[in-house]
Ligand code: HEC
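In structure tokens, one chain follows: the form predicted alone.
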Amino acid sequence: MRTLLLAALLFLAPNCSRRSGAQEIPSQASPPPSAHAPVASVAGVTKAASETDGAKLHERYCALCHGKEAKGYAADNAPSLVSQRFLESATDAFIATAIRNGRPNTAMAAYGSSRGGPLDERQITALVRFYRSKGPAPLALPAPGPGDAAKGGKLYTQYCITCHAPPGQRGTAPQLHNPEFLASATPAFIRHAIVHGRPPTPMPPFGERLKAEEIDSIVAYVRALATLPGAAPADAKVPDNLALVINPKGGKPSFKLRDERYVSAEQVKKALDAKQRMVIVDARSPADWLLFHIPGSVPIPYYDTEKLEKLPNDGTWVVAYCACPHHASGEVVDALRKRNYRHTAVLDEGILFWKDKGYPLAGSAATPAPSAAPAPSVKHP
């Protein structure tokens, strides 16, 4: 079965792969815009200026995965941000919150400055205006009925689990148990996605396949999912005095690269255990580095590769990683190779695999989170 809510969750790319030739209680420093108020009234910028700035911001921060036109799938599972069905169901506040807070424990980082990301509220507003300019204003959506969460869990197993995976696990489609999603998506938003799908994406409409009470039960199940720990503390900052080189007096690793580009997590873990010299670059938004990262890694995001100039270019191995697991880290490695760094590699499986393996982590959420439990009386294969 095709996924139930593919692209219903904004800005998620759980398992993207690089296509280059060479993803409940948010803490916010400032409240998001009202769900019914125009975003421009919050930031005090004009619509024309917002759209112009938003296009540039999208190109720098978002196009890598969501595509130049924001239609998605530049990095496999990163959804369209401008499909009609999405824009007619998502409020400006919902879109802004997704940008600001991200989707912890997925490839979609938090980009708001309140979470350690690069964007202030004015810039987030400009991005929202840019996406909104591509489609309709949000509709007044009908709320679902109460539903039966236990029945909805069985339907989820039948129609959704293949792509969305059981709660607490990652699938090929967005995480429906994600805390930031559950904190901001209304039951009406979820119901709209199930009923109408997300054409032209692979997410089909289920409005004619399922009865209204069945759809309401799936909504009830999704809303009842336990959540995982969320984002880094508000206003967290990356330290200014991070060391660049791990084990500066150690020996040189003997990495064997796949396709002359990718190094396995196992090899990097063994090199760290052997206290060998290397540099590890976290290519994600600094917000994700604050949440969890490989100990000793330095945050140099894919959109700010000028900072790579500070790394030693003396033959020291430089390994870059992201959550995709190849896209953002691939940008960093390409930038290093253009600068004639001799020993560079992408961490093949990415940071989420590293986390799942129980390899060492640092950060505010470094302790592996327990899996979210399904609703009572529902069993998943």
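None of these values were measured; they are calculated from a predicted model. Numbers follow the displayed sequence, beginning with 1.
This protein has a second form, the form predicted together with the named molecule, left out of what is shown; the following refers to that one.
Taking a 4.5 Å heavy atom cutoff to the named molecule in the predicted bound form, the contact residue among Val263, Ala271, Ala287, Ala193 is Ala193. The partner is absent here; in the predicted bound form, the one residue of Val279, Ala126, Ile294, Ala98 having a heavy atom within 4.5 Å of the named molecule is Ala98. Proximity to the named molecule in the predicted bound form holds for all of Tyr73, Tyr111 and Ala173, with the criterion being a heavy atom within 4.5 Å. Contact between His326 and the named molecule in the predicted bound form is not found at the 4.5 Å heavy atom cutoff.
None of the heavy atoms of Val298 is located within 4.5 Å of the named molecule in the predicted bound form. With a 4.5 Å cutoff on heavy atoms, Thr305 does not count as touching the named molecule in the predicted bound form; it lies far away. Proximity of Gln84 to the named molecule in the predicted bound form: non-hydrogen atoms within 4.5 Å are absent; the residue sits far from the partner.
Here the chain stands by itself, but in the predicted bound form one stretch of 176 to 184, 307 to 315, 246 to 254, 135 to 143, 176 to 184, has heavy atoms within 4.5 Å of the named molecule. Along 194 to 208, these residues reach a heavy atom to within 4.5 Å of the named molecule in the predicted bound form: Ile194, Arg198, Thr201, Pro202, Met203, Pro204, Phe206.
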